[in-house]
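Quick heads-up: it's one chain on its own, the form predicted alone, in structure tokens.
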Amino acid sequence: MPITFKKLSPVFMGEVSPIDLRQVHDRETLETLRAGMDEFGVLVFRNQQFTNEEQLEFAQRFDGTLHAKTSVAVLGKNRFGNEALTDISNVNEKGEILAVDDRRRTSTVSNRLWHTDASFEDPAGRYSMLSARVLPPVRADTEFADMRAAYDALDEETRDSLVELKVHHSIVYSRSVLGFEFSDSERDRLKGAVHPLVRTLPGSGRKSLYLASHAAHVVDWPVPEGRLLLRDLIEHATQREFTYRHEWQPFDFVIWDNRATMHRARPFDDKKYRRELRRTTTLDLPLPVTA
């Protein structure tokens, strides 16, 4: 059957017709899905019952090199034995809910801020892929914002003023906003990276704002003025018309383009209910010619 996409919001987000991504190996189908990413920015796949290894294998087939230098990896050993499979959960290696003062929990609470995965690295993250394995009996949604539509909605004078600006991204900065502090040795492993404030997306040719909570300051600007600009742009980009809230179903698999979107976790009672998701993120590198 041909692949179809159902638009979930007026400006972005697409739900893909039934497909088993574990069985997708052919170039034509992969290219169709990549074209869907270029159009929608976020794709939702239902009932994708991946094992950890199958998710890693699909992520590499779909988009090449995986990101493994995560902030979670800096804090401790990955319970799955592979840093490319990020543990987006509120449980420890025994499956027990993390204590309120556990460092991994206090760090990842910052995922409730608008962010883009791995923007604090160079090369930065391209696609993130999140698999819902264990869901709580209450809503624990993820919200997305279309940064292409947000850029398009700016007036021409504002767009022109942004196009040459560069921004330093730092997860040390974004975590500190909510009171989490890395140790000196952890900071040494998380130096941050500089990226353009406006990016042109190669697949679609559209321009997109590239910023979120990791955006620490505008290069060569006074820090206060730069941070005010970034805050104003985030407020602009997260207006209702540019956002969509995804309500997770068991075994949902969601792929988003970090170059074109921001996202944030919405709060739930994580001291009472388990929530386990697995994330793979690819790096913004050229795809291998055999992909």
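Numbering starts at 1 and runs along the sequence shown. If you're wondering where the values come from, they're calculated on a predicted model, not measured in any experiment.
The same protein also exists as the form predicted together with N-oxalylglycine; that form is not shown, yet it is the one meant from here on.
* Using a 4.5 Å cut on heavy atoms, which of I234, A265, L33, A68 is close to N-oxalylglycine in the predicted complex? -> Looking at the other structure, the residue within range turns out to be A265.
* With N-oxalylglycine left out of view, which of N78, N111, N92, T106 would have a heavy atom within 4.5 Å of it in the predicted complex? -> Contact residue from the list: N111.
* Any idea which of 115-123, 167-175, 92-100, 150-158 reaches within 4.5 Å of N-oxalylglycine in the predicted complex, heavy atoms considered? -> Among the listed stretches, the partner-contacting one is 115-123.
* N-oxalylglycine contact in the predicted complex: I88, any heavy atom under 4.5 Å -> It does: once N-oxalylglycine is placed as it appears in the predicted complex, I88 has a heavy atom within 4.5 Å of it.
* Any chance T142 has a heavy atom within 4.5 Å of N-oxalylglycine in the predicted complex? -> Yes, T142 sits close enough to N-oxalylglycine in the predicted complex that at least one of its heavy atoms falls within 4.5 Å.
* Applying a 4.5 Å heavy atom distance criterion, does L130 contact N-oxalylglycine in the predicted complex? -> Judged by the heavy-atom cut-off of 4.5 Å, L130 is in contact with N-oxalylglycine in the predicted complex.
* To do: State yes or no: in the predicted complex, is some non-hydrogen atom of R274 no more than 4.5 angstroms from a non-hydrogen atom of N-oxalylglycine?
  => No, R274 is distant from the partner.
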